[in-house]
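A lone chain, given as structure tokens: the form predicted on its own.
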Amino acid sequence: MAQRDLAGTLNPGAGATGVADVVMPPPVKRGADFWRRFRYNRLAVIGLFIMVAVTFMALAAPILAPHDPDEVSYNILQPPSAEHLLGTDDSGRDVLSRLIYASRVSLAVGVTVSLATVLLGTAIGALAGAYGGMTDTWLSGLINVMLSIPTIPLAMVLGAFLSKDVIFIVGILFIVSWTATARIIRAEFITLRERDYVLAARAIGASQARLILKHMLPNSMPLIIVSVTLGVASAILAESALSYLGYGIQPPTPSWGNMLQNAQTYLRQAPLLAIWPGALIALTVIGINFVGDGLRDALDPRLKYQR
């Protein structure tokens, strides 16, 4: 005799034991659903293409660069030509080659600083938000103290004793940048620790470490991923600003920031020297921000999208 399954539909194949067969729904393809939500944000897709192009340019710099970026010549401040597609700078170096190699420095600083700050900021924010009490008081005090340290004066002081290279820039930005992520994660964990599933896990004896690692941290991953993405843009802007002011990457190593600094002397004579690196900085940061917005929308199940 046909029996009904748990969904209320007839199941003629049920066994003689009288136990209804359960018709399971198809598994949710989270990756496909994420891509559909991300693809709906057209600006995010444009930003993704920009990021792929800039990343490819950085990785393939030795192949794409038409000249040695440090090769000097007597053809100084030349306009774009067949030999030098974007012209030359005040030392006769090919601008296009220097822009391509500079992308390596800017992306390396941005990605390294972002990953390091998110790791530290997430750890401190998670401890402060999950434990509360004196732990939260002390860690929040540390965050507030670090927030009071200005980036440029710190770079000026440390730059007098240390060589200003990529490691120096990463260290400076790491010291002052992790606090933003820590405050965001702390606020998120304060909210999560009052959720029903966390209270239930605590009630059955789950340790604080298990609550953080198994329950609260996985539910904070969308926020952490977006923080990583937007942190890259912030680090690129900060590195460019420090290099422009003379406290970042030093010539002859090319970076978009020190190329801008070098170009300011020749704004009237060769304005393109400033336009090219400025445009790449703006385009890269805009692309990263578009991707960050798209990730936030795609990873947030509360936001709806249209097919």
Partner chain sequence: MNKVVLRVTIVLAIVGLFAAACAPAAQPPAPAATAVQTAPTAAVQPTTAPDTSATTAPARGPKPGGQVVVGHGQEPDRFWQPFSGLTVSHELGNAMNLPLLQINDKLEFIPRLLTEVPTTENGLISADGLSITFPLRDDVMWHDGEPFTSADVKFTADVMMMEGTDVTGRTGWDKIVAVETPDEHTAIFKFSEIDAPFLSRLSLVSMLPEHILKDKTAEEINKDPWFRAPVGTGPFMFKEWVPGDHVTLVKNPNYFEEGKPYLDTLIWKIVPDSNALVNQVQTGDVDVALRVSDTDAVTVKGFGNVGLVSSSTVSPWLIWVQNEIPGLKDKAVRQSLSYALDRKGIAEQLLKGLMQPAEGWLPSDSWAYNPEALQMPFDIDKANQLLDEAGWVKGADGIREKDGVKLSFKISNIAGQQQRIQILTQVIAGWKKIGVDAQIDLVDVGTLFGDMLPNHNFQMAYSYSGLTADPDMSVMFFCPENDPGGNYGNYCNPKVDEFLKAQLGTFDLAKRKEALSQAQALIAEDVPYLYLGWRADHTAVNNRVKGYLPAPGYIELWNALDWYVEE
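Worth saying up front: this structure is predicted, and the values here are computed from it rather than measured. Residue numbers count along the first chain shown, from 1.
As for the form predicted together with its partner chain, it is not shown, yet the points below apply to it.
The closest non-hydrogen atom of residue 81 lies beyond 4.5 Å of its partner chain in the predicted bound form. Taking non-hydrogen atoms only, residue 62 never approaches its partner chain to within 4.5 angstroms in the predicted bound form. By the criterion of a heavy atom within 4.5 Å, residue 264 is counted among the residues contacting its partner chain in the predicted bound form. Residue 85 falls outside the set of residues with a heavy atom inside 4.5 Å of its partner chain in the predicted bound form. When its partner chain is considered in the predicted bound form, only one residue from 76, 111, 198, 123 comes within 4.5 Å through any heavy atom, namely 76. Taking 209, 167, 119, 156 one by one, only a single residue has any non-hydrogen atom within 4.5 Å of its partner chain in the predicted bound form, and it is 156.
Contacts to its partner chain in the predicted bound form (heavy atom within 4.5 Å) from stretch 64-99: 72, 73, 74, 76, 90, 91, 93.
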